[in-house]
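Just the one chain here, laid out as structure tokens, in the form predicted alone.
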């Protein structure tokens, strides 16, 4: 699709079409109207004022004509989409692209300056958990207060109170003023109220799981039950692989505008392609053209160079599939450290989850520089974005001489026969007995 000179009858007219055209995306990535919409977002826009310096005194206000200097920031710019009832819908994009602002407009926490939003059904929002709690009131009193804000009647709260308290795990502390709660207790109670008010629509902003491991399990089970019962979910998260798994459709926002919308897998794949291309371009501008222009290389004080390479070609890795091998290589100055060292590589998913950590045997100083490689014959990872850390330690692994975090970032690309989920792509042999 050519955004520059299309024929008049094919000229992009919607925000999604204009954004997709600017990135060369296919029309198949565009979502049409939902068959049974639970939420209709129709051409909304929202600006914020960024003040250079506020008037802090009456004198300053008089001297400046009662006006403080500010700049306008267009957080959301002519955004339109529809969320079909009973589906999970995701908003993806970099920080500051307008995801959370759009979600807050849907919840009516803030009002858009232009456009309309239509919501059909009771809505509950997991945005700032515990917002609206009164610190002097007990947990029990705040349950009633918060639930009433979310639209529940007293008799409904009476029926759900025990379930809410048990879900939060605060039976012993429910009559204590919430000002004495820990931050974890505060968030758990806010989550328990929001998830148990029997909503038709659930809005979630980066709180897919909170608290300890047991509470996270209960949260995930609750989400799954809500989805299976036909609930509608709109979610914002930087955990793209989680979004890929749980979302039916997604919208990609960039600078407050829709770049593309469609099935979650297609939108996330195109978003990751853009992120990878921009990162490579920044690396070339910083380092210059040539073999050293890979973003997947770094240097430190004792670590002379750390890089990630393709196993076959030894070219810098930007992306690979599960069938391709890779090499993690680090060159360090063991003589400068003054003793033999061990090398550690760690691979992390884009949501911060550690996938694996690998330690070498000790490496004796071999002249001025020592190079250690870890060779993986194949990449047993699910599609997504990953980062690699490297560190050098003493022989006992108790002292760390130097660490470089995220010296390499790479994408694992989906294969056509991908039919599994999780963190690892296992090699499989299927038989019938």
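Bear in mind the structure is a predicted one, so any value in this text is a computation, not a measurement. Positions refer to the first chain, counted from 1.
Beyond what is shown, the protein has a form predicted in complex with a small molecule; the following relates to that form.
- Interface residue among 251, 75, 243, 308 relative to the small molecule in the predicted complex, by the heavy atom within 4.5 Å criterion: 75.
- Put simply, of 238, 217, 134, 227 only one has a heavy atom within 4.5 Å of the small molecule in the predicted complex, and it is 238.
- Within 4.5 Å of some heavy atom of the small molecule in the predicted complex lies at least one heavy atom of residue 50.
- A residue is said to contact a partner when one of its heavy atoms sits within 4.5 Å of a partner heavy atom; residue 95 meets this definition for the small molecule in the predicted complex.
- Contact check for residue 99: a heavy atom falls within 4.5 Å of the small molecule in the predicted complex.
- Only one listed stretch (384-392, 398-406, 42-50, 370-378) carries heavy atoms within 4.5 Å of the small molecule in the predicted complex, and that stretch is 42-50.
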